[in-house]
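Shown here is one chain on its own, the form predicted alone, set out as structure tokens.
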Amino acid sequence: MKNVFIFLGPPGSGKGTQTSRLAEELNFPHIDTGSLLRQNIKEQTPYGIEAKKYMDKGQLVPIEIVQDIIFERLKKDDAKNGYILDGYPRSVEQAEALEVIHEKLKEYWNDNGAKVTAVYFDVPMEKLVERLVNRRSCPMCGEIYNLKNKKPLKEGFCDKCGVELVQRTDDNEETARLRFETYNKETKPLLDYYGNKNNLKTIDADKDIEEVWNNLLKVVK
């Protein structure tokens, strides 16, 4: 049985930082569905071509297309024993679609399926707003920094690339609060969904990065 980890939590809760680190620790692929979608579009795969039609119109990509893209990625050998999903599922509908994917993978790999653990990063909203406003990222490698608790060694520049850091246009207080409203409406019901299945673990993510990391290891190992 493969182990599957899903990270839940509002924007700015620190999921991205810990997801990448856990992937290295477990030697599991870190599957970022946003990047996966962009990759399919760039490579002009059949799914990417279809997805782009909707995105060009400003519409959401249908769940069936996203489901197919994820299934094709999870068929690769590096995901045979487990994987970490980033950015998916974001709704109960997508969580149900993920179960369909796992059933198809069970047949593909001829194994007994997936053990899903959903980890919720719990942080008070006011702290999240502060984090997002102080967030900076590298436009080259995507590394994320925070002017409060994860500063670059050289102010304003990425430790890895030496490239000047940027602030996302939506990392401001007004937009952050709107994003939380969307999260609470669409994604928070997943806590009940996975809680009812006894698959939910909650960690206090209002700590420094190392303490959150240690708390994460306790619930995934």
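Note that residue numbering begins at 1 and tracks the sequence as displayed. These numbers were taken from a predicted model, which means no experiment stands behind them.
Form predicted together with BIS(adenosine)-5'-pentaphosphate: not shown, discussed below.
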Should T202 be classed as touching BIS(adenosine)-5'-pentaphosphate in the predicted bound form when contacts are defined as heavy atoms within 4.5 Å? no
According to a 4.5 angstroms non-hydrogen atom cut-off, is K42 in contact with BIS(adenosine)-5'-pentaphosphate in the predicted bound form? no
N196: touches BIS(adenosine)-5'-pentaphosphate in the predicted bound form, heavy atom cutoff 4.5 angstroms: no
Any of the heavy atoms of K207 lying within 4.5 Å of BIS(adenosine)-5'-pentaphosphate in the predicted bound form? yes
Picking from H102, K115, R90, K80, the single residue whose non-hydrogen atoms come within 4.5 angstroms of BIS(adenosine)-5'-pentaphosphate in the predicted bound form is R90
Option touching BIS(adenosine)-5'-pentaphosphate, based on a heavy atom within 4.5 Å in the predicted bound form, out of E164, D192, E181, D170: D170
Any residue of 143 to 160 that, in the predicted bound form, places a heavy atom within 4.5 Å of BIS(adenosine)-5'-pentaphosphate: I144, Y145, N146, N149, K150
